[in-house]
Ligand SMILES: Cc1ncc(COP(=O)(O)O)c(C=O)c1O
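The chain that follows stands alone, in the form predicted alone, written as structure tokens.
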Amino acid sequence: MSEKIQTIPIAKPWMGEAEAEAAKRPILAGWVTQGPEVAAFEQEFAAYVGAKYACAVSNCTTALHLALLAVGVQTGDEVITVSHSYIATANSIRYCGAIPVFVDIEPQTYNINPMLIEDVISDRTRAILVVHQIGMPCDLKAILEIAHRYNLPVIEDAACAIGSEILWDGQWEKIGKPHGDIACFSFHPRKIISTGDGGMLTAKNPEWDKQFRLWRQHGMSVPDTVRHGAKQVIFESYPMLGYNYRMTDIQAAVGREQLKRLPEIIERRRYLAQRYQEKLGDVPGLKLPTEPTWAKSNWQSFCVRLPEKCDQVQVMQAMLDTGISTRRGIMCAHREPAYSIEAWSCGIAQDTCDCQPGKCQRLTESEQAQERAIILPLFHDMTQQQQDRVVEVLKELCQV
């Protein structure tokens, strides 16, 4: 009987007894949703990234939705972003009734190409939504120069980028300070730290922070923390349409412990990423990720572009057959059935654009990245033996 192959996962949260003990606190205290643990997590997160304000929500998609609402995105508006991202990025724009205008990426970093942004700005453009893809900071300085010239707010989809850094005025600063107007984070299990699920908004504007806190709890005028601690009867009101976008105290308690682990997690991931670079650097035709001199990635994912002779699906299946999990290059929203040709734009008027469903002449780098790139396993507990196995199998497949 053959020995069962132990699968190397694509990702794995690093959690333990500290998180289990933390979860007990709100459970035993009896306050299990959006209470003191959430407030503490917000303060600690804001301090970590260097932001004035941090507001916890149920996930990064809801964070993006609230960020777009805060900067005034409405039905019929346009928001410039990338198709080459998890579909939640584009979906959050459509939740507002707005149209995502997709810009192509830089092939080296998989991030939005700043040189293409100005070409698609119109009188309907209301915001720019950039993505720090798979933890690699995008070129915020170039993007913000354009945004300021046209008086457009910049929202950072930093779902993958907690702990990533950017060189700003000679100093290394955390993504999420924020350098744009609002930054949005995810605590999904595929991310660097996890609360099971959850999200966070960081902002410069105190009015936006107040707005987030109203919206996330149905527009309720009096927070539970105030009402439950009051010595007199208080009736709340609902002056605006709100949402149920709350984070639980159980999640926040876990998040506080995860935040303590973050420096060690990032140090380990940077070590493993460098090791991949060294061991895969001599594979003909294999293109490794590029880290600009002004950026420090948290290496949420390690994405490689396969040699031309390699078939993406065949390589992924062969690796899976040997017990190694991979994922395809980042998806493109414009290629999904939910995004018919009427649901998005590439900046060319529809009557002159020859784009087809799943194929756009202005998004060729995005499409090629989806078709030719794969994401390799990378997680805190990954051993050198596991990484060597990934390298060995990938090298063999690339040389066939």
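All residue numbers refer to positions in the sequence shown, first residue = 1. These numbers were taken from a predicted model, which means no experiment stands behind them.
Only in words, not in the display: the form predicted in complex with the named molecule, which the text now covers.
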| property | result |
| --- | --- |
| 4.5 Å heavy atom contact with the named molecule in the predicted bound form for all of Gln258, Ser301 and Pro377 | no |
| Partner proximity in the predicted bound form: Asp157 to the named molecule, non-hydrogen atom cutoff 4.5 Å | yes |
| Heavy atom of Val131 within 4.5 Å of the named molecule in the predicted bound form | yes |
| 4.5 Å heavy atom contact, Cys96 and the named molecule in the predicted bound form | no |
| Contact label in the predicted bound form: Ser85 to the named molecule, heavy atom within 4.5 Å | yes |
| Interface residue in the predicted bound form among Gln251, Thr81, Thr202, Ser186, criterion: non-hydrogen atom within 4.5 angstroms of the named molecule | Ser186 |
| Position in contact with the named molecule when the complex is considered in the predicted bound form, options Arg305, Arg126, Lys174, Lys191, heavy atoms within 4.5 Å | Lys191 |
| Partner-proximal stretch of 59 to 67, 32 to 40, 332 to 340, 362 to 370 relative to the named molecule in the predicted bound form, 4.5 angstroms, heavy atom | 59 to 67 |
